[in-house]
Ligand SMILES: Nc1ncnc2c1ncn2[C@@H]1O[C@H](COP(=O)(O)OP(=O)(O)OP(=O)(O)O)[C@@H](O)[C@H]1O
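What follows is a single chain, given as structure tokens, in the form predicted alone.
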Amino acid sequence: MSEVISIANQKGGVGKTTTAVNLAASLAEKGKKVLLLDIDPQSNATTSLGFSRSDYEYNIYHVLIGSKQLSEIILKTDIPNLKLAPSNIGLVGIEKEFYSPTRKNRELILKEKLKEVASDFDFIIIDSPPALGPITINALSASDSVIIPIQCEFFALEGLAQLLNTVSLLKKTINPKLKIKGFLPTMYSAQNNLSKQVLADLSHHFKDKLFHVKKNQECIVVPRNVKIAESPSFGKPVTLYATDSKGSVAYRDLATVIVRG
């Protein structure tokens, strides 16, 4: 069975999609069979892998409403071992479907859909939208764990308590196995005092939930890096676009920790 990991933070612009895409690509690079599941209506993970809306007819919306099986929408990417379940702006209409009076167990729809392909992949990485709505709740309900990217900027920890409370509530109710796999500092600049302060705050509050390649090394941080910013416009993860960049190294290190378990 595959390990299902959500990348989540209700705050936008924190590197959530970048993390989902590059972690998925780095895991695939290590020979793992990976499905990147895009359930963000903005579909940035989909376009980051070089797909446009004209490249596919069906997407995760059709799976969630029950008109397609998950296996019917999965796309093969240019990266060996990495496949994609694409999204589309039409997914914004899913809330109406979720809150239909006839819909039961609406928080578990995605979990049920994943069962069809769970044995085909080592890892399923879910890129969730920047909100704690029904789509993100479905993602967390279907996941074994969640990685929370946090940008090293002002207001970095704003709203984090709400996300942590949601994870705790889901763990107590519909997904007892759900755990926080870790916090990933993103957009870090060693020349910026604010970045250093945010990282210090994270280390103080969540020391045991930061990622380390080796026990005595500093935690993994994703740097503010122009190659990371450029790569989506070329339809490639940074690990493929600029393979030796600091951003690539950070995500490969993260994949190493995830594979190690």
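From a predicted model like this one, the values you see are computed outputs, not experimental measurements. Note that residue numbering begins at 1 and tracks the sequence as displayed.
Keep in mind that the form predicted in complex with this ligand is not shown, yet the notes after this line are about it.
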| query | finding |
| --- | --- |
| Non-hydrogen atom within 4.5 Å of this ligand in the predicted bound form for each of 14, 17 and 225 | yes |
| In the predicted bound form, residue 65 touching this ligand (heavy atom, 4.5 Å) | no |
| Heavy atom of residue 187 within 4.5 Å of this ligand in the predicted bound form | yes |
| Proximity of residue 159 to this ligand in the predicted bound form, heavy atoms at 4.5 Å | no |
| Heavy atom of residue 90 within 4.5 Å of this ligand in the predicted bound form | no |
| Stretch in contact in the predicted bound form with this ligand, which is absent here, among 36 to 44, 204 to 212, 190 to 198, 66 to 74 (heavy atoms within 4.5 Å) | 36 to 44 |
